[in-house]
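Here we start with a single chain on its own, the form predicted alone, put down as structure tokens.
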Amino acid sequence: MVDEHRTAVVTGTTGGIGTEIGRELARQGFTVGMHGRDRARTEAVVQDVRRTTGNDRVHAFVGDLGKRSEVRALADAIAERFPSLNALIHNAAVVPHDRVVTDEGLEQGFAVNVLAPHRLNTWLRPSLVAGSARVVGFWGGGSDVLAVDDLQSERGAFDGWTCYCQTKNAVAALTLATAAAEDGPVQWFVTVPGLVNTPGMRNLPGRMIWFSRLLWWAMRSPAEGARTPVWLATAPELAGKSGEAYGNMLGSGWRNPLALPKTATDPEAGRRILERCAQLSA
């Protein structure tokens, strides 16, 4: 039986994994909010998901996650439509090629990949609590780099891939720290979708472009990459497992426990990142 009262929001859905996460949740009967930065592209994806799933309870939300005012407006729009939210999946991310500073004076990778998820978690808290939500943050990059005192990559020569890896470790540390600090109905998970053949993967910065060009044939499809985050958001057997991480890079073990780098599981690093994000969200 389809439960039409389940609600979910997915960020970064105008292509790749995000589109397929939204599609699968809609197929399972969720009322789904699909977020994108560009209105025309987001609405086109929403129409496609409605058509392919037969679920007309799929809605577009638009906002630039690098801009505080737009994240605030996005949170307000989501809260108005979903006073009770069962899942929030933070799929959106940027892999910067150059160091770009937002109008708030923040490095873009940190602003979009780390701070925006925290702000949505904070500003959507009443909806998350009301729905006993599962919140899913994404790890990736395969590196252990995490300089807590240089979260905005200000020191030395800027490297886009290193910046991305740092933000993904920061997301994992932030998610685990939030789980440890929480004593309520919201559950927090970290996932890795694996190596997925997406436009972002095919346009990696610097030296990493050769990695994606050489290994594209072994990568997962976007639909395969969506499996773990959807499972984390919906599986009954994961009740009570807040603060855990699941997924793998390749192969069949997409429900496996995920061994994160020590930097991403350092409680002190997570506490400091949580504190910094809270300061910037106040």
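Residue positions are given as counts along the sequence shown, with the first one as 1. In this text the structure is predicted, and so the values were computed from the model without any measurement.
Form predicted in complex with a small molecule: not shown, discussed below.
Novice: Taking 4.5 angstroms as the cut-off for heavy atoms, does G16 touch the small molecule in the model of the complex?
Specialist: Yes, G16 sits close enough to the small molecule in the model of the complex that at least one of its heavy atoms falls within 4.5 Å.
Novice: Given that the partner is absent here, does F110 sit within 4.5 Å of the small molecule in the model of the complex, heavy atoms only?
Specialist: Taking the distances in the model of the complex, the answer for F110 is no, it never comes within 4.5 Å of the small molecule.
Novice: Does any part of G160 reach within 4.5 Å of the small molecule in the model of the complex? Heavy atoms only, please.
Specialist: Result no; G160 lies far from the small molecule in the model of the complex.
Novice: Can any non-hydrogen atom of L151 be found within 4.5 angstroms of the small molecule in the model of the complex?
Specialist: Outside the cut-off, so no.
Novice: Check each of N91, T178, N86, Q187 and return the one that places a heavy atom within 4.5 angstroms of the small molecule in the model of the complex.
Specialist: Among N91, T178, N86, Q187, a heavy atom within 4.5 Å of the small molecule in the model of the complex occurs only for N91.
Novice: When the small molecule is placed as it is in the model of the complex, which of 46-54, 25-33, 234-242, 60-68 ends up with heavy atoms within 4.5 Å of it?
Specialist: Going through the listed ranges, the match is 60-68.
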